[in-house]
Every structure is written in C-alpha cells, then in structure tokens.
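A lone chain, given as structure tokens: the form predicted alone.
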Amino acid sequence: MTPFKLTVMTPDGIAYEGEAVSIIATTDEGEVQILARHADYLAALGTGRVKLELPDGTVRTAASSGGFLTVQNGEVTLSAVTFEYKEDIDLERALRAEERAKKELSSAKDARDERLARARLNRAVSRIRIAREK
C-alpha cells in the first residue's frame, strides 16, 4: 500500500507524526478509512476507536474523542480532544470513570448535566472496549 503523511495532534502535543498506509477513525457519521490519494476531506471526530496502519505493518489502536479529521493535499491530520493508545489505557481507571459517569447520569439535574455525564460515560465505555480488545 502507498504511504501518506499523518499527524495525530492532541492538546498535550503530537501523538504521532510520520507515514501511514491507513487510518480508520470514528467520526460523527460513523467509521471512515483514509488511504493514500484520498480526496480532500473534513469530518468531526466522534468517540471511539482510531486504528493506524504503518508502512512496516505495525497496527496501533487508540481511543479518541472529539476533534477533527482532515485530508488536505494528500496529508492527513487527526486533531483529537482526547487520544490514548490502547497500551496506555488504565483499565481500572476507565472502569472507575464509567461508574462515576453512571452515577452522574442518574443524578443529572438538567439537560446540560445529562449531556456531560453521557459524554463521560461514552468516553469511559470506549476506553474499556478498546483496552479489552485482543
């Protein structure tokens, strides 16, 4: 497969910068795969899995939420609010976050509190699912 330039950025800095042959990301519209020579593209990232395939065959999986995925002039940029490689996910911490979010959701006082709790719950569940993937 033909490689392309990929940059994964987070508020904490660059999570990946180099070549890739594929990126699959969860957008607000569903999963999308980007390969070399993809048309220019812009999508809002949802909460879910990002899968990077590198030219040497290495596959890296991460949990991500929020941000944008862009393709411009053959270069791909994933700008994520949160991005955590599978091997860096603390499963116990994610399980605790899930429990906290469930409690927040059940005691939400208004629509705003409910939206925030649901977003926290979705992020925790996504991290748990990705951490448990084989």
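Note that residue numbering begins at 1 and tracks the sequence as displayed. Since the structure is predicted, the reported quantities are computational estimates derived from the model, not experimental observations.
FYI, the form predicted together with a small molecule isn't displayed, but the following is about it.
With the partner omitted from this view, the residue of 90, 99, 56, 28 that lies near the small molecule in the predicted bound form is 90 [heavy atom within 4.5 Å]. Contact between residue 12 and the small molecule in the predicted bound form is found at the 4.5 Å heavy atom cutoff.
The small molecule is not shown here, but in the predicted bound form it comes within 4.5 Å of a heavy atom of residue 94. Contact annotation for residue 70: none of its heavy atoms lies within 4.5 Å of the small molecule in the predicted bound form. At the 4.5 Å threshold, heavy atoms of residue 120 reach the small molecule in the predicted bound form. Listed stretches are 48-56, 105-113, 33-41, 75-83; the contact stretch with the small molecule in the predicted bound form is 75-83, by a heavy atom cutoff of 4.5 Å.
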